[in-house]
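Quick heads-up: it's one chain on its own, the form predicted alone, in structure tokens.
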Amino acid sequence: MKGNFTETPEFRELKTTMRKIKNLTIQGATSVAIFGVGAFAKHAKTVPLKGEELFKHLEAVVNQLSNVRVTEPALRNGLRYVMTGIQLDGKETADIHGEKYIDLINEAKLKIYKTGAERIQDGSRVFTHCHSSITVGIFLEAANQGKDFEVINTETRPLYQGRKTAKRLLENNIRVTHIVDSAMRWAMNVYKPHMIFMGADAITVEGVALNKIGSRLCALASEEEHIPLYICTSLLKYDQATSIGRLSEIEMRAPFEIWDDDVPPGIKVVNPAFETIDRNNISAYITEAGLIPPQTVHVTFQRLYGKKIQYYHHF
């Protein structure tokens, strides 16, 4: 990615955004998509290239941005949405298409908030893991409706994203009980939550969800305790590549996030960021299309977005 555009404000913003996504200054699949697509669209509009040279460059940027964090299909779908728009209408419209995709995300979130909040009643106890802006949005919507309920949430090692959830809930006068990750099953047995709400970073064609490490443990504990588990997510997180046989990748984070100093020689520290949740453990997806069974993810995505986001391929 060389050329006289490398010092433009838009290109610098794009590189800064990549760094922030990589180091988790920008975190959460929805936020990653919004910031990543926005920065890409601004650069695409202003880069002084044309024709084949333009698309060759943008393809390289798409691939680089897509691989900053591999478990982010909402970002990849957004990049394809913008590239499709550029192919149809020219690079001058890149920012418009970027804004339209972000509008799709925000419209989807509002629908999910309302659908999810309908599941919460006065006296409900809801369990959640990690930090999901969509799941938190559901809780805030339920609170705005005047419902009195409690949330049990995990700290979410090693970076403690669950603390962000707990603080947001406290700021909005929602009762919250905070536990260590390894106490999931104990907490479900003791507090008897009525339901579990979790977000997702990716969804596969089989209806499998990928979410923060620990999510599968949560799902297995929910099955043992007979607690319904709902995945709260936009279908824009559907990984289209899985429909042509590719496997969703599990991001491996840096070992220092777990043990940053004085690690005794000979100890190998492994830090997987995500894991899968089998569709058989998922009661339903709470999406912009309403509650849907896991088996209908692909057809529902195609119905809502098939004409707006081209089928998976690199340009």
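What you are looking at is a predicted structure, and each value in this text was computed from that prediction instead of being measured. Residues carry their position along the shown sequence, with the first being 1.
Only in words, not in the display: the form predicted in complex with ligand RUB, which the text now covers.
- Only one of 45 to 53, 285 to 293, 22 to 30, 58 to 66 places residue heavy atoms within 4.5 angstroms of ligand RUB in the predicted complex, namely 22 to 30.
- Annotation: in the predicted complex, residues A209, I277 and N281 none come within 4.5 Å of ligand RUB through any heavy atom.
- Using a 4.5 angstroms threshold between heavy atoms, D201 counts as touching ligand RUB in the predicted complex.
- Remark: C130 counts among the residues lining ligand RUB in the predicted complex, judged by a heavy atom distance of 4.5 Å or less.
- Remark: Q240 does not count among the residues lining ligand RUB in the predicted complex, judged by a heavy atom distance of 4.5 Å or less.
- Interface membership of T115, defined by any non-hydrogen atom within 4.5 Å of ligand RUB in the predicted complex, is ruled out.
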